[in-house]
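One chain comes next, on its own, written as structure tokens: the form predicted on its own.
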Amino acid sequence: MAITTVPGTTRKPGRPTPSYPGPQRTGLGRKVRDNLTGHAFLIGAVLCFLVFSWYPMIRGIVMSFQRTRRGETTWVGWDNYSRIIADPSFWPAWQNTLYFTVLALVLGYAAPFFVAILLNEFRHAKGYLRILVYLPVMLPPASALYLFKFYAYDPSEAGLFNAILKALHLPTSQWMQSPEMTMPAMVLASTWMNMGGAVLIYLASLQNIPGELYEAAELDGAGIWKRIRHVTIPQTRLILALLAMIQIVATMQLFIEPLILANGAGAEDSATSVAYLIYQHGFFQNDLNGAAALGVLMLVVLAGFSAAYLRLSAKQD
């Protein structure tokens, strides 16, 4: 039996009435509408970087070639750079900064890795131990450093470290009052304050290493040090390289440690860093142009480190 739909036409039972789609959206318009929320978030992030990072950076570069006196700004070219390099504190500040960076790589870079290996071996209370290691990171940096300054580095026998040395019948130290101990003491405080984040990153990387590799190494008679050397380090080399680069960039910007622990310059200028020298020129000497020139020099040095890391990473990949 035929079903009549329009005079003169029939259609079979059960066949749906054909529908005709409306006008299709263009490809570009559809993509924009589908990703409108994502573009809105992206624009916000780009504006934040533009206002708070890129504009100050560009403004600092421009200021480094200018001189402002009594409200009048003139273009002086490389004069600010020549004046900054001639500053008697310029080369000692770079030496102190590089010394701190090397000590931080020896102690502050290796310590989190071995703490992560140790924590990874525990079978119980892992969560508690991770919180214990990460706890110093949650403290405000100023509070953590003042804790070291007045409780641990007290030059009298009431200080924690001097009390430990006295109990072990070892000579005590003046710590921040000693030019020789200033940098090691700052590295120790900085390592304790910041290593929690690196430990958690290393732990996540260690837990991704297949257990079969360790089992094969044990069957070959490898001890713990050989397993670390031939299994752990090769399997985590990318994370190790990335955190090494991050640590170099962070430690080269040494500022809050000398400001709080050593009251700025420290004994015999043993704690003066490049970042603290920028602070001195900008806020104590009212030399914003010289501070900008010194900041640009630090930017160039750190950009060189970053470029070298990216080049080496590309070759390894």
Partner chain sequence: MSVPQYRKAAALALVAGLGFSLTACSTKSDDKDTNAGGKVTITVDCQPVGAQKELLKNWNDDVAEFQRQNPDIVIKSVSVGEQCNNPPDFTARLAGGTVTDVFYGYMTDLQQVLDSGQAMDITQYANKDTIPTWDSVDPALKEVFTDGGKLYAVPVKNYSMGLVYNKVLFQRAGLDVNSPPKTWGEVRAAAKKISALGNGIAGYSEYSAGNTGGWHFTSLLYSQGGQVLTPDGKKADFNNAMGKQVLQNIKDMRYGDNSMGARQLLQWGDLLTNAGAGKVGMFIGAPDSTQAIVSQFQGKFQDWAMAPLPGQDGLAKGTLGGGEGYFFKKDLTPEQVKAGMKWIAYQKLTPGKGQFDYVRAKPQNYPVGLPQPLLFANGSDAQKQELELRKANANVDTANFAIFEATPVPIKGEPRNAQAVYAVLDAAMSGVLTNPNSNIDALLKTAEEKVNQLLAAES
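None of these values were measured; they are calculated from a predicted model. The term rigid core refers to the maximal set of C-alpha atoms that superpose within 1.5 Å between the two forms. Residue numbers count along the first chain shown, from 1.
Heads up, the form predicted together with the partner chain isn't pictured, but that's what we're talking about next.
This chain is drawn without the partner chain; in the predicted complex, the residue among Ala93, Ala104, Ala189, Met176 with a heavy atom within 4.5 Å of it is Met176. Although the partner is absent here, Ser156 lies within 4.5 Å of the partner chain in the predicted complex, judged by heavy atoms. Using a 4.5 Å cutoff between non-hydrogen atoms, Leu168 does not count as a contact of the partner chain in the predicted complex.
At the 4.5 Å threshold, heavy atoms of Gly221 stay clear of the partner chain in the predicted complex, well away from it. Residue contact check for Phe65: none of its heavy atoms lie within 4.5 Å of the partner chain in the predicted complex. Along 69-104, residues Arg69, Arg70, Gly71, Arg83, Ala86, Pro88 each place a heavy atom within 4.5 Å of the partner chain in the predicted complex. With the core held fixed, the Cα of Phe52 is displaced between this form and the one not shown by 2 Å or more.
Once the rigid core is used as the reference frame, the Cα position of Phe41 differs between this form and the one not shown by 2 Å or more.
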